[in-house]
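In the block that follows, a single chain appears as structure tokens, in the form predicted on its own.
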Amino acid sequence: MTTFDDPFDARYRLRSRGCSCGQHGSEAEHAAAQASEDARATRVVEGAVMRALFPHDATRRAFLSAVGAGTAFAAVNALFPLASATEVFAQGAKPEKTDLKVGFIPITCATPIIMAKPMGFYEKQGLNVEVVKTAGWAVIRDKAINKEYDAAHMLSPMPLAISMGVGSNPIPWTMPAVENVNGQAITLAVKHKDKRDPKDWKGMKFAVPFDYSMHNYLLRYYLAEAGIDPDRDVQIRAVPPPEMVANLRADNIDGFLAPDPVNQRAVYDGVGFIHMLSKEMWDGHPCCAFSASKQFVTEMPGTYQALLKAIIEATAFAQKAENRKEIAAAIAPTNYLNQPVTVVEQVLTGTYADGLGGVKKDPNRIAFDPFPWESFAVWILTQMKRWGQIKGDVDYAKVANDVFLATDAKRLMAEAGLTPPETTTKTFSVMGKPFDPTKPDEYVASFAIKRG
């Protein structure tokens, strides 16, 4: 007589007299349970789509109340393949492609993208990702557009510029996660130790990583607040971050507003000092981002979800101060940042030499928060408008909503144990001046120094 002490045998016995999966008493019960699960998946997807189309709760409720839920979802289904999306969701969004290339610039802003490789976050999601060190931002952009990279580390303004056709042909692009907040500084050559007032910087030469960068916009903002016209009173040029310290040493530039660890490396090499951290201008500002084309997001939803989940889980790990030294050791080697571990540690831990003989402590010198606030995008667009990079009328809210994919980040942040915000916009201040994302045109008009 056969006994069924083994769990597998127990499941076999249940299947022999019950349903095909062995978890229900009959095929009818199995079918009912499956239908319930399918309905749940459909509701989740429908809800996600409606939130994406109508991100504001009041607007969404008003629309559903006016036309009825059935009519609303029928109309949405005619425009969006809900059935396909539900199938992907129900299947756990299995990656359509597992071998991927993700480009990055060797700076600490790319920490989540880089660390996800040696620390196993990609592998956990079933992905084999090659993170490819890249020379500069124009190269990153071109390789991503040409599909040599599946996704990329980008400066947070770049997806907006690409989508709007600023500096390249317009291509729908997305930014589903912020890589880091803060993490920049103004560094000056040691010969300028006595020039701490920006009013004395007329005639000086500065470097930023790229024209479409927070570094460029924050440096311009800082100079303009001091009455210095960034286009007439100083020179600002784009220099790839890995080349900045060498240019400072060679006296080709007087300073830079750069991502780390560039600033700390200048101190380490004895050629520069940290004038101020960017967080002193705007604490919590976005810096770099995880980015992918709209085509990649829509045609490979399973791969996209797995990749984004790996990035957000790595970001959650990086948020914790107790993990920073371990991360520094993982990303400092030659194939990643190619920096002394002590330089990377000073940036990530926030205990650092300032190049003026002091040691400072600021645990939020660089921070990691993946949520792509749409109000960040609106502020960036106001600066692109302010400095003549975009002309004519701008639908700020629409562009922000199309490019900064807050809905996707919100769901995956919750899964990673983070607490996503309830809204997608917020107010903040830059150098003491409040910014209201609902009044971008008034904000641009308020500046005394601007182009256009």
Partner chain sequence: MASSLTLRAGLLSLLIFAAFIGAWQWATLPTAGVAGNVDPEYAALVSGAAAQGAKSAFPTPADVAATLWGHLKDPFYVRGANDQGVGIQLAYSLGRVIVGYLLAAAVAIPLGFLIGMSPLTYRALDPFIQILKPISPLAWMPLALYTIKDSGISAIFVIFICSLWPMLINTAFGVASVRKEWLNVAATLEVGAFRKAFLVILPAAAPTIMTGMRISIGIAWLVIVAAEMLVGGTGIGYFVWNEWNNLSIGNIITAILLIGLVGMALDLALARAARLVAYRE
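Positions refer to the first chain, counted from 1. On a predicted model such as this, the values are computed, not experimentally measured, just so you know.
The same protein has a further form, the form predicted in complex with the partner chain, not shown here; the description that follows concerns it.
- Think of it this way: in the predicted complex, the partner chain has a heavy atom of just one of V139, A226, A321, A329 within 4.5 Å, and the residue is V139.
- Note on contacts: among Y304, F104, W379, Y222, the single residue with a heavy atom within 4.5 Å of the partner chain in the predicted complex is F104.
- Stretch 338-346 is the contacting one of 338-346, 276-284, 194-202, 230-238, since its residues have non-hydrogen atoms within 4.5 Å of the partner chain in the predicted complex.
- Using a 4.5 angstroms threshold between heavy atoms, K325 stays clear of the partner chain in the predicted complex.
- The partner chain in the predicted complex is not approached by F317, whose heavy atoms all lie more than 4.5 angstroms from it.
- Although the partner is absent from this view, N180 stays clear of the partner chain in the predicted complex, with no non-hydrogen atom inside 4.5 angstroms.
- Under a 4.5 angstroms non-hydrogen atom cutoff, the partner chain in the predicted complex has G358 among its neighbouring residues.
- Every member of the trio T134, E243 and D269 reaches the partner chain in the predicted complex with some non-hydrogen atom inside 4.5 Å.
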